[in-house]
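Shown next as structure tokens: one chain only, the form predicted alone.
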């Protein structure tokens, strides 16, 4: 009887702890439900309607908007461009942030300053920081072309080149995103047992071998998180395109998210914007699921 009463008190204590935990996380679930799930459901429903925000109430049209999406080469090209441009941004950000984290993990008197400075571009508003790039890329009196002229070189009209516009989009994206990713990598690096490196040094392992056989395997969960969250981020990328290239030259850097913005906010075609958003969301979930499956399978094989 005493044991039963004690177990009952233990269960009651666990229940109280569970209720406190739910009370703490409930506001976050409500926030996600209101600002993420609710707009997702509304966007999905709008995809089945013909709705111009200036012309009255939505009219149910079924799969018409989705047929327009898949029947239009324009939307398909925008989706493909969103994927390959986003893929380039993701690869560059993952690689550079990892290398930056390795550098920030080195003991140095100013390492605290450098760790803080890499995060600053992420804090500043994109509309403000993009002004720096626009000033540099001005074809007439931009900083880069003025520098080229001082060297006797011809100026480059950046806006007329798809290669250069994609290049600067990647640079701007990585410049803003590399800091948070590097900080996450750095946290993972510091969680690895230092005795493993000491044992490797005793065995004569080089720095490259230590990174290959200790650092990278020890960061597999961190890498999975950075890859999946980065994947979702690049599939939602549009502000970089809007601020840096505006889709130029001649729409060759335009992406699906930027088209969704124009459909919904500028043209008020909420039905088409909802359908395109739904397709992009499903493609993102599918790619993330495949990536997660590949990462999980790799962990199981180990």
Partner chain sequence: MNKVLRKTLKIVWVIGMLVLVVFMLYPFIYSFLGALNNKRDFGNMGTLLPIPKKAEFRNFLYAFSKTGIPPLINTFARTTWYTFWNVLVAIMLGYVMARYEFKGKKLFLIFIICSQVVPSVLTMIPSFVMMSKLPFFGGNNWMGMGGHGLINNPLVLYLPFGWGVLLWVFLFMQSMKSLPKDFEEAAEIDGCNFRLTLTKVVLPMQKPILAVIAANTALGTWNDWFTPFMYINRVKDSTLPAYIGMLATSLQEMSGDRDFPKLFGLSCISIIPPLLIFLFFQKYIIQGIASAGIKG
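The term rigid core refers to the maximal set of C-alpha atoms that superpose within 1.5 Å between the two forms. Positions refer to the first chain, counted from 1. Remember, predicted model here, so these are calculated numbers, not experimental data.
What comes next is about the form predicted together with the partner chain, which is not displayed.
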Contact label in the predicted bound form: residue 232 to the partner chain, heavy atom within 4.5 Å:
yes
Answer yes if any heavy atom of residue 107 is within 4.5 Å of a heavy atom of the partner chain in the predicted bound form; otherwise answer no.
yes
Is residue 70 a contact residue for the partner chain in the predicted bound form, using a 4.5 Å heavy atom cut-off?
no
Using the partner position in the predicted bound form, report whether residue 128 sits within 4.5 Å of the partner chain, counting heavy atoms only.
yes
For the chain shown here without its partner, which stretch in 71-79, 192-200, 87-95, 170-178 has non-hydrogen atoms within 4.5 angstroms of the partner chain in the predicted bound form?
170-178
Pick out the residues of 242-273 whose heavy atoms come within 4.5 Å of the partner chain in the predicted bound form.
242, 243, 244, 245, 246, 257, 260, 261, 264, 265, 268, 270, 273
Inspect the rigid-core superposition and answer whether the C-alpha of residue 25 shifts by 2 angstroms or more between this form and the one not shown.
yes
